[in-house]
Structure formats: C-alpha cells, structure tokens
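We've got the same protein chain twice here, in two forms, each standing alone as structure tokens: structure 1 and structure 2.
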Structure 1
Amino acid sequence: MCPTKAIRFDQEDELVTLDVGAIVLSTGFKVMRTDQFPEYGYGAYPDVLDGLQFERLASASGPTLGAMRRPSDGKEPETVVFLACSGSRDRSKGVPYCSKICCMYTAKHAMLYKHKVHHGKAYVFYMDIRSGGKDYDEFVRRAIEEDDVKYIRGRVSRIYQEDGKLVVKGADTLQGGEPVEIRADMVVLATAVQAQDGSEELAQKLHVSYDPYHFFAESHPKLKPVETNTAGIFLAGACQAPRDIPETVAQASGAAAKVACLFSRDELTREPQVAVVNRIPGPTFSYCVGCFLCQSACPYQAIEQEEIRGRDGTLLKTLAKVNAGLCQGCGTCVATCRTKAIDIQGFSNEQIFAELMTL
C-alpha cells in the first residue's frame, strides 16, 4: 500500500561502529507484568485491564474509536473501579518504591470515563494521593469534586467474577477498616513502573552505576542530576527513576544542554587530582609491567593500553596509560597496582612523605 515503496522486506540487520563524544541514556521503563496479580484476576477475566490498555481503549484512535466498551461483550461499563498502587509500595511484589505517575493518570482515567459515560460510577482505591507538582493536587480535587469520582483509601484484597460482574473486595481505612464490596463492570490496574529489561547489563557495559531496582544512578542528586559517574554519559527520563512527562522533558533538555556544553569547546577542563602512570626518563623505562589489573578494576574505563615502539617500529612494551578526561581520581587503580606504578597527582607517596617530614 505504500506509494513511495518505503517498505524494504530485504533489509537486514547490520552492525555499525561509531566514535561518539557523548551518550544519552533514555531507555525508558516498563510496567509490572500483570501475571504477578493473581488476586486481581488479570488474564483470567477480560474486563480487568492495566492502565496502558485503558488508555488505548479511551483513545479516539483506539479499537473502539474512543467509545467505552467492555472487552468481554462490548457493552458500556456502568461501574469502573481503578486500583492505584497495583504493585507499587509493595515489598511482597519486590517494588517498595512509589511509581509516582499512577495517582495522576488514575485521576485522568477516571475523569475520561466520567466524561464519556456521564451516568457511570467511578471508584478509586488508593493508599495515599501523591500529587506533587504545579496544579497536580487541584487536578485530583477536580476529579473528586466536579466529576464525582469516589476515592476510597484502602487496599483491595481480592477480585472475582460473579453473575457477569467483577466483585471487588477491599477495606476503607478512613472508616476504621470497614469492609467494602463493589460490583463492577470493569477494573483498571495502575501497575508499577519498573526498569527496562537489560538495564543491568547495559549499565555494566557502560560502567554506569545503578540502584537495587536497576534504575540508572546519577552522579549527584542535586548538583549533577543528569550526569553519571562516567564522563560523557548522561541520563534522561524514566531510565533513572519513575518520571512523568514534564520532568522527563525538563531532564531531556538538561541532558541536551550538557552535551552541547561538552561539544562547544576544543579543550576540556578537568580536576587535577587524576591518576598517572609513573615513567622513568627514557622511552621503555617504567614501573608498569603491563599486567593491566588496573584496567579491569577501573570503574570509569579510564585505563588504556599504550604500545611503546622503537625507532624501527618494533613493539617494545605495552604499558598502561590513564585517560585524564575519563579519570575521576577515585584511586582504585592505585590500590590495585602491584608494582606501585600509579599515583594520584598531588598525592604520591613522595609528596605525602615530604609533608610528614615538613611537619
């Protein structure tokens, strides 16, 4: 059907090698697999959806052209229950952190439903409403006060099907733990935000720090929020932590600005306290024996191999060399080197001993 013949069925994968000056990690996130919610009946009951599926259902370009229809029989749902924190802040599911975006998009989904089904009833089970941001709390209040969305503070223990309805059993903690039972036509789960598959392997390949949940770690949470400990590698979006759209856009702009600053100069300034391989005068004399234990230990990939050749081009030695642009002065290579061939500039043994003798 393509009039420009842009579809190429004979195209094959190819390996491209590039020399780049900066990398921006923006691998995004995934939502928790819904097979981890057997108590909610996801997969067993077609009318139990996750947030992305409901977003697609409510979209004008979706399968129902924006009309609210139950997946099971195509009927208009009269009662919809939204479950916030489905997997988030739940140590039993392995996600003790807050997914941050669920409170806001759950309120949006409830409002979308009420705008499409005016006589319908929308219920939201929540733990806490975390709506931090400009006009965020006002947005949630609008859903409650203007669109008549019923918010119930409590967790849902079980969902099962009975007489064509989804029976949602929970408790209202604001009413002293009073049991709540709602017979719903549709249930929407706000599933937890998790790091993408393969994030740990990618972080190890790029020598970037990551947290126990495999989100990439920034260099400093306040002073360097878009930079990593490895020079030239930056972060943008939900690969670092759960992010909403405004935060992702702001962080992406910050990462782009950092890359632009990096490329705007022919020469770079660096901290003077970096590692250096000691050399004795002469082309082949060095304390380094070329074992390269330092290279395997360096967390910043700052150790390179340098070939020392004679005048006739004969290879004499292969020694370690520190890339001062990548070195962060951590001292790991200094502690690893068996021949004591590496020092941190300004903190060599001779300098420290001279300070002690002076004192």
Structure 2
Amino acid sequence: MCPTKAIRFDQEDELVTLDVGAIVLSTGFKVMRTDQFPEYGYGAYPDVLDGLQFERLASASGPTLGAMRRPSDGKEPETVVFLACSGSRDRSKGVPYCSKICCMYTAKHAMLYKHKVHHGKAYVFYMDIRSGGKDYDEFVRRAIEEDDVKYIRGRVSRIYQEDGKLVVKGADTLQGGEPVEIRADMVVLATAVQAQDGSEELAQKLHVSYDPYHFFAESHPKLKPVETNTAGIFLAGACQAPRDIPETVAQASGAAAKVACLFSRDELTREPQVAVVNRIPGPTFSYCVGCFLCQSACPYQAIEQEEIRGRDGTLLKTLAKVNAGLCQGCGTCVATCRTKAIDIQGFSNEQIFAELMTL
C-alpha cells in the first residue's frame, strides 16, 4: 500500500512495564450516543448524527472527503437542524452539568455546513448560548449574522421520519412557546460530554478521586487545578471536566510544568502533616507489633515494612514504616492501629485529646 513502506503492518500490541516518577492522566472523554435518546429515534435514523460523526463528515480526510453528503442516501442535505444540549443540563434523562464545548462546536458545525452548502438552511435549537471566552461570542455572532444560521431558543420534543424527511418538533420560547416544526434532511445532536469508559477503574487503580460522573477530581478547584490528591499524578484535559482544546492545552502545559518542577529537584518537599510509627530503644523498638492493619487501610500505599536486625543480621522484628513522601496525612492508619504505635503529626492523639479536654 504505502509506496515507501513507512508503515509496518506486522507490528503487534505489546505490554510495556515502566518505572516512572510522575503520571499525567489525559484519557479524555466520550459523548453520549444518539441511541440514548428515545424521543430522537433511538439511533434508528441514519441521518440523526452526533457531533463527532458530523465532524468526520465535514472533514477533508473523512469518508466523503469533506463533501456534505448525508449517510442514508448520500444526498446533499438542504436543511440541517443542530440540537445543542442533547442530554446536557437535563437532570431527568441526561447529565445535570453543562458540557461546555457544545455551544461553540455547534456554531462551528453550522458555519461549516453553510460554507459547504451555500443555499442550505441551518437551524440551531438551544437553551442558552454559553460562549464565554476570548472571541467566542463574536464567533457565534458571526454564525448568526454573517452565515445566516437561524438560532431558535427552545427544546426539541420529538424527531420522526416522514416522506424521506426528518420532522423536528420543538418550541420557540422567545415567541411565547410557539410550536416550531422543521422538515430537515439531517439532524446533528450535540450530545453530552461524559467521562471516558473505564475512568472509575483507572481512578481506583491509581488512587485518584473522581466525581459522581467519574471525571477525575483535582486537588483543589482554585489552587491546585492540575494536581490530584495523590502525589506525582497530574491531570490534563477533558478527563477532569468537559473542556475545549485551548483549555486542555493550557492545563496540559501546566501539568507538564508541574512534572518538570518535580523532576528538577534533588529532594522532594512535602507537607509536615504525615504519619509516623513510634520508635523506642530495643528490645521492643516500637509499640508496633507488625500486624500491618495500617498497610491495608492506607489509600496511598505509604506504609512499608521495615526489618529490624541485630548485629549478626538476625531478624528481630518487622515494623511498619511510613514513606513520608507518599503519605498524605489522612490519619486512617492511626484509627486502625491497635497499639497506638502510629500517630499523625499535627493531629496527634495528644493534640486531639487536649482539644477534647477543653470541651
């Protein structure tokens, strides 16, 4: 196929094991599929597309080489309806949050269509136009004013097929809720952005927190937006929340800079609030009896086993030892320890009991 043999077709998947000092999670997102919308035909109509499918249709490297041809019969669609907020901001059937990117890409899609099919009609149904961002609102205004895209504020209750057309039934809430019916050739649903499949499993594997929708959680919404609560793991892009490319790139640059900072130092800095296992002189060495209940309770695998050996090398005792670089100071181990051998700096038993004594 390739005249210069630049592609190796005999290459196979392989599992690679690496020791790394940092991980940047950037597993992205997925979109709701059209078959999740019963009122829009349950995915049964080939000319009801989701945004990603339209993206391929409009792409010069896509299946039609960028020509506007609808999937069912390859005809050029004369009327196209775009539905923003398909599943977003919909507590009852979809997701409650705003998917953030759809307002902008819907304007882009409508424009792309109009640039390819000059005489075609493009309609956009929307709830609100959320075009916050540098030059974003100007972009939407261009779609409306220069490319003559018709924006209708209202939701679409139903789409069905009739005489080779897709009948789109909605309402125009800026005209007092007047019913609107458009006979379209193609419909594009801007379906809700969702967390990538397998995000929950990945988060649990890496001990990263995630929100109820399985987007990864940042360490602090304002002050630590690219860090996770697990040291050495950072976030970039739509795996954390719906976001567009400029924001993804900004965040990814931030994450990369954080990793570079981490690697540029010879020693790690950490919060002083970490757990410590007490040490006393032999023959006991510590109250720790080596049951390692703390080890199974620790969400960060920060507890290691330390062997205490005599001068002749005989094993005297195996104790828990906190890796202060990994410990985040939650104190779950403290509550688990039977012999009170482990305590947490800053929230020690002594300190907390002293507080209780003043009650």
Partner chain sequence: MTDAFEPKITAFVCNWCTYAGADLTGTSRIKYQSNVRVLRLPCTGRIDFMLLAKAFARGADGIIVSGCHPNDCHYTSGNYHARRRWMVYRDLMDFMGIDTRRVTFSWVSAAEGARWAELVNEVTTSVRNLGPYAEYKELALAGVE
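If you superpose the two forms and keep the largest set of C-alpha atoms that fall within 1.5 Å, you have the rigid core. One-based numbering along structure 1's sequence throughout. Predicted model, so just to flag it, every value in this text is computed and none were measured.
The form predicted together with its partner chain is represented by structure 2; structure 1 is the other form. For residue 299, the CA shift between the two structures after superposing the rigid core equals 2.8 Å.
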